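Given next, in structure tokens, is a single chain: the form predicted on its own.
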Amino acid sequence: MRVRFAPSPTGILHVGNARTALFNWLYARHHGGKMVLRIEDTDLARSKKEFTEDILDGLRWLGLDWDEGPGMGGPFAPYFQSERFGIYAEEAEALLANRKAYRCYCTEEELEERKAFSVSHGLPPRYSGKCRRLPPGEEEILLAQGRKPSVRFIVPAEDVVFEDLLRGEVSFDTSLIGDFVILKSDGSPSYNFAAAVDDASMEISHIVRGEDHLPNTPRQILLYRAMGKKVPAFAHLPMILGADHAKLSKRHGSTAITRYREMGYLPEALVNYLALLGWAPPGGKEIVSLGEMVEKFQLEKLSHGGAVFDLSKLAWLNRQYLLRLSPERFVLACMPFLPAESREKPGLNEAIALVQESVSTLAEVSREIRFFLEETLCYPPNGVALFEEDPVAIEVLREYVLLLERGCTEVRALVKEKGHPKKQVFPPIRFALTASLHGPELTKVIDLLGLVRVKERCRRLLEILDRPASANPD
């Protein structure tokens, strides 16, 4: 078995690409096959080196290695289509010699005019075949006019029928296709021609890709047959959908793999979630390691319908993976998401450990331990307003400051000595120390901050609450 992932570097690696790569990788690894990475950069104007690097880096981050391709080499190199133009030219010449293709001298203007005519008359917008049988001497005249020909493939009058591994039998009426370009007038290959030539020459046995490529399949099958090559097996994956069940796009939020990395998702959690978008592990498990996926994966068992991308489900899954990290690994994973100047701060590891159970992404850690990172807190006005009209809260803070003056930080002493209910004691003190009404266990926050900082913060909030209402921030 030989599968391939063949992205175009005209954009960054996104969720849909990554899932396609994952399913190819799992299929190959499950069957002991090979994974080929091919960069389809024939669009020289739009292909960018930085996009190629983003794709390669994203795959590596996800843990999806490849057996042949950029950085690995292989028996069918080169693996960049921009370096294979000579191969496409040779194949096109062979098809011309075997009368399975012909040169087309039609200009873009002529083609657009005929297309508009067909559409206006309710006809398929296919090529008319005008240049298939030019009168003797006509080619020479057109060349003398400076016209540069493209090469068109002759589509035979036969239906294309194939067995899709997911969809079953699929049939296409080739009369709706028309002779299509395989080599453009500038010598560059069309997508379908380059893909078919490379899949054949690289001995790809199974093509697993998105269902948006389904219309390309009949053209490629015709090309395999015309070149005398074995037709690979096909599986067309259903699309990933947004919450509105439309195809997932930027309007549904970020789809870039780099963005999820920046937001603090673990690669193993993201891979786990992508696998669940169309595949149900045996036994109904939701948390599945890459090794388990390889062992259990069956392409034929994938869902036939589109899978909805649910960011809240991804966040939940990521949280489960964060909880499974050892405290040491969790701290290490958090470091890139913290301000550089705080990474050597005494007590940082203990502060990070306090919030491991409450965050869903690594990027949330910095916010959750802001009370520790910042020396002077900015109290939100809505919190201040909650306590400034509460005489019990103010009394609690004053009494706690008196305790602190005696060197006692035990909050429960206010409950024992003064008889205040815990629900009245803990909120104002937590707000004074963290500028938030929610967070880690209060006694651990106090231990982490220490007597001096706890006293300073309680006094500062008291000063704010004691100001005239007009002086407090809105």
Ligand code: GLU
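These numbers were taken from a predicted model, which means no experiment stands behind them. The first residue of the sequence shown is number 1, and the count goes up from there.
One more form of this protein exists, namely the form predicted together with the ligand; it is left out here, but the text below deals with it.
- None of the heavy atoms of F330 is located within 4.5 Å of the ligand in the model of the complex.
- In the model of the complex, the ligand lies within 4.5 Å of some heavy atom of E40.
- Proximity of H213 to the ligand in the model of the complex falls within the 4.5 Å heavy atom cutoff.
- In the model of the complex, no heavy atom of R152 sits within 4.5 Å of the ligand.
- Residue Y191 is the only one of F337, Y321, Y191, F85 with a heavy atom lying within 4.5 Å of the ligand in the model of the complex.
- Contacts with the ligand in the model of the complex, taken as any heavy atom within 4.5 Å, map within 1-24 to R4, A6, P7, S8.
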